[in-house]
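Have a look below at one chain only, the form predicted on its own, in structure tokens format.
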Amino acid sequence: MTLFLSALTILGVSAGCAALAGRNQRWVTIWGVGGAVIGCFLGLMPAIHALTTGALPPFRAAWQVPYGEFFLVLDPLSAFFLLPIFGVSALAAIYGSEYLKPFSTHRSLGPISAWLNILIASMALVVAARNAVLFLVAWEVMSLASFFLVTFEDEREDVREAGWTYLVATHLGTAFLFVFFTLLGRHAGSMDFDQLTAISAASPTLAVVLFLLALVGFGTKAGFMPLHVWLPEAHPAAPSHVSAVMSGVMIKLGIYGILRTLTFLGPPPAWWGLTLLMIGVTSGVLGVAFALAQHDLKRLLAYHSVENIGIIALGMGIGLLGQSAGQPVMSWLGFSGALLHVLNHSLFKGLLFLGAGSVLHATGTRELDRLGGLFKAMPWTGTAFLVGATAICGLPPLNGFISEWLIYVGGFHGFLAFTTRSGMWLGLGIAALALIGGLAAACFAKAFGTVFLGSPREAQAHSVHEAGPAMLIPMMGLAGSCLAIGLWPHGVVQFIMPAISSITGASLPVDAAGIASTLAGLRLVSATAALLLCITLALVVLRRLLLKTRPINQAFTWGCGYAAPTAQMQYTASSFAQPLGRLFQSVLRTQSHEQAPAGYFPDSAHRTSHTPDVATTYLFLPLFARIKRGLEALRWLQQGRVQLYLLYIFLTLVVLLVWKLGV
């Protein structure tokens, strides 16, 4: 625990020093990036120790806050979430040292470096906190730090709007968490987490209320549909290395909150699992459908976060169904798939956002329809992006396949075991997971093909350059991690076994033989995938050797035999996704504007499309408009006179005093 506290201290001190360094780029890098790397390295050591040997001794200190206590514990579940927090964040900080250089000419980089270190420290504190007040304080610091990071380019109106949307959404979620912890603490008579156990046995109604509050409060941070509205706004607005931390790591703390809540509530009823299953199906399918319709590369990636959070929720739903039905293997498979997907998503989504940042850094745009042919100029970035794209599609031999495979096997296990309605819902979940995988593959074929293949669509694309070492090394590290988990899945699953057991509530599943056969199947699949990878690499090398001594003619990509081909003849992101977009038109509600060609020799013709978020357009905007109209009736209270406001405060204090004396 000493190392963990040292890590928090270093992150905090380095944040203060980076903020004071202001415009001095050298000292900002030394304090901000250096502090982040050292702090994350120190934090990883106790996390790995706790994950392999069990919970570390708790740390308690007096804290002058009502009901609060500086109470920290690193158990296997906390330690597991610390791996992406410290691992991905350290790589993102290194990446940011080069990515932010163009901004240093006209703004101070000290604040963004400081807020990033504060965000890392607050996320670590959230998963280690064992007191509700401390948890909420860390949660709020995390939200505020990420808000200031999102609004880094605050001179842009779209960034300010994104920051405002994020601030409102995150505080609405926190309001539900305040109610959640208040009820929890009132029931247990303490705000310490070690006093909160098996509530469903003592008060089933309270357990239901707490479960629903946790779903909304933590689900808002995680990005469950339709609570995801802040996510496609905030992630594209933030600098790319911040997007990698927010999408790859921060939203997972919503998942952590739900998993930690489940350890308080005791044995779950089946409908809790079905609820998470349906949330997973909805978020997964709609998330990837909206991603398909996007023209902005970072916005596309943001919607894929919604999709992957859906996959994680689907796994948790299968795990809860297994728990409620007394099916330990199914429960283990569901939770292990969900937990491993948390780690996997942090790696490949962090990698994809860093890759998108390199594209933005080199070209100055993230509009898919303006990019093309970048692979020749940016082969390392293109390769890293391709690894991330393959991983997020759930294809072997990369890590995304492993976690989705565990969820598939868990779903099939339940589908065969259940003869009730739950079996039918599990079948729906399996079909939805297959649909999500297919749509994700189509979406990333569009994204990678449009950005890196074909020919440049605009003149500036001819002068792009590869990213520098400080940006490439973090991407290669994340790509290597994706491949390592894909090729060594059984070792990774056994490594995170203590965290899985802390959720399922057993040190070892009852049916150890079933788990052993699953791991054996995983080894076989992984070995086959590795063999295919080796054969593919061998064929690539053979092709190069055969073509080495032969003359090679090069022609315009997508030339198709035309005498004067142009880049406009190749597929754009919009045209590639149009057939699938039509399939989901009833949900996506894509709006198109076009000027059709007129006459025999038309001067111009164009077509543009825009896909607004349905939850924002048809749910939250009308809801907030109604609330605003309702509050108009109270405008008479706002007279602009300070004396009147002081009177309001005085009257409120009197009412509270009378209420308190009455109690």
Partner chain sequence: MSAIQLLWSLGLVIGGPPLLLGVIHKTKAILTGRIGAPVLQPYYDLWKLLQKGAVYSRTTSWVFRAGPLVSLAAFLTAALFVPLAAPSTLLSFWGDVVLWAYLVGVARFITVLAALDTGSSFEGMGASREVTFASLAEPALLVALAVIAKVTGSVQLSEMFGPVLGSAWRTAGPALALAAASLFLVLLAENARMPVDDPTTHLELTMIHEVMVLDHGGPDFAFILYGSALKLFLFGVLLVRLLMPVHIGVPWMDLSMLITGLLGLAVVIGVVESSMARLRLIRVPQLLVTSGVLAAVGLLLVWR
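Numbering follows the first chain given and starts at 1. Rigid core: the largest C-alpha set superposing within 1.5 Å between the two forms. Just so you know, these numbers come straight off a predicted model, no measurement behind them.
Omitted here: the form predicted together with the partner chain. The next part is about that form.
Judged against the partner chain in the predicted complex with a 4.5 angstroms heavy atom cut-off, the residues G54, W164 and L184 are out of contact without exception. With the partner chain omitted here, the record of contacts in the predicted complex names 525-533 of 102-110, 256-264, 170-178, 525-533, defined by a heavy atom within 4.5 Å. V540 is the sole member of V540, A484, A513, V587 with a non-hydrogen atom lying within 4.5 angstroms of the partner chain in the predicted complex. In terms of contact with the partner chain in the predicted complex, the residue from L453, M476, M497, L136 that brings a heavy atom within 4.5 Å is L453. Not displayed here, the partner chain is kept clear of V141 by more than 4.5 Å at the level of heavy atoms in the predicted complex. Heavy atoms of F348 never reach within 4.5 Å of the partner chain in the predicted complex, leaving it off the interface. The closest non-hydrogen atom of G438 lies within 4.5 Å of the partner chain in the predicted complex. The shortest heavy atom separation between S78 and the partner chain in the predicted complex exceeds 4.5 Å. With contact defined as any non-hydrogen atom lying within 4.5 angstroms of the partner chain in the predicted complex, the contacting residues in 575-604 are S575, F576, P579, L580, R582, L583, given in sequence order. Relative to the superposed core, T549 undergoes a Cα shift of 2 Å or more between this form and the one not shown.
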